[in-house]
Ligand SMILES: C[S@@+](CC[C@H](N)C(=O)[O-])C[C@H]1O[C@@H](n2cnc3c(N)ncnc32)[C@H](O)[C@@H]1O
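Presented below, as structure tokens, is a lone chain in the form predicted on its own.
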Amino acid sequence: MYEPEVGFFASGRGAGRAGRDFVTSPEVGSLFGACVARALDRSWRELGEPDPFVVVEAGAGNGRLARDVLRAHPACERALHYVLVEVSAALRDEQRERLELEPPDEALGPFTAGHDDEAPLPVSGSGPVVVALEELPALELIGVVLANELLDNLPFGIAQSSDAGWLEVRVAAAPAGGGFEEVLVPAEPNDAGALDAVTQGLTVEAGSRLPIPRGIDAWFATCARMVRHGTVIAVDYVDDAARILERGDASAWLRTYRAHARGGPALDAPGTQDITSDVVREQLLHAARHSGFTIAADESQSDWLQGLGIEELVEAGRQQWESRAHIGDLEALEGRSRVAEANALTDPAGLGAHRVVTLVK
């Protein structure tokens, strides 16, 4: 099983450019955040423009996405209460460098006294309020949970099919030579049953491997307790069980990254490289539905961004560059870079192939 709370992610290195290991969409530039701001506005309006409008970014990293969302000045900003959730203390420290953070108890505040014996009421128009937490908050909210490349790094196991049924791949210390080696043991009955359900009707060759989603059910259950009414937007590597099995080699969906390149085998140098797994669509949808969410959309990141008007934002950036090129300031350069950013974010062979799954409750 892979536990992201220790080792690699605890180091705080993660996503970014110089000195980091991989680039996610927010690290490409500010355009992704501007598009996410539009997505939040859309959800806010669909929910009836609540105030406070709580957005929980799970796996918020260094705060880059939150910063770019706020810079875009979404229509919901006066109602916006943005909660960054990040397990890495080092990355939470970086958030403080990018954002003006309020105390955690301000996530739904400030409040004013209610009438007579009524509970205190949140002050409207007090946003944007930004707070940072180590884990998902224990509160009920009307709003959005945003998870960009989080689900692929939730704890997972690995299963291997055999003529006798499903086996789980576990890790043990290798004898004499040091390091680690794989050990196959019978899969837990619940895991085996879930894998049988996912692969029903499919041809599963002996030796085929699939991820066991250790953390996804618990994560959606927590979201369900937190979201009274709202939306979950999950952006990630997602594929059908059939397509994952067709790839044959598990290294096609079990990947490692280090210094912006594919890393070595998953058991090499533990804690020094990112280990990530594709999310099996059937497992994701089962977890979401079991927790009370309804699937509203399942589309590529490229299509999602097109629907949010990325081309319009690129054109605005082009005009911004043309009007300020003679100045050559950061605003002008940001406008010029939007074409390259859009190409990277919508590349069907790269980030554009990510799936955006939108769930409502």
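Residue numbers here begin at 1 and follow the sequence given. Given the structure is predicted, the values throughout are model-derived calculations rather than measurements. Superpose the two forms; the largest set of C-alphas matching within 1.5 Å is the rigid core.
Below: the form predicted in complex with the named molecule, not depicted.
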Requested in this report: Please determine, with the chain shown alone, which of 153-161, 205-213, 171-179, 263-271 has non-hydrogen atoms within 4.5 Å of the named molecule in the model of the complex.
Outcome: 153-161
Query raised in the report: Can Asp278 be called a contact residue for the named molecule in the model of the complex at 4.5 Å between heavy atoms?
Result: no
Query raised in the report: Is Gly59 a contact residue for the named molecule in the model of the complex, using a 4.5 Å heavy atom cut-off?
Result: yes
Query raised in the report: Does the 4.5 Å heavy atom contact test between Ser337 and the named molecule in the model of the complex come out positive?
Result: no
Query raised in the report: Does at least one non-hydrogen atom of Val85 fall within 4.5 angstroms of the named molecule in the model of the complex?
Result: yes
Query raised in the report: Tell me, which of Gln283, Thr256, Thr231, Asn148 has a heavy atom within 4.5 angstroms of the named molecule in the model of the complex?
Result: Asn148
Report task. Just give me the single entry in Val198, Ile244, Leu91, Leu80 that has a non-hydrogen atom within 4.5 angstroms of the named molecule in the model of the complex. Result -> Leu91
**Report entry** CA of Asp152, rigid core aligned, shift of 2 Å or more between the shown form and the other one
**Finding:** no
Query raised in the report: Under a superposition restricted to the rigid core, does Asp274 display a Cα displacement of 2 angstroms or more between the shown form and the other one?
Result: yes
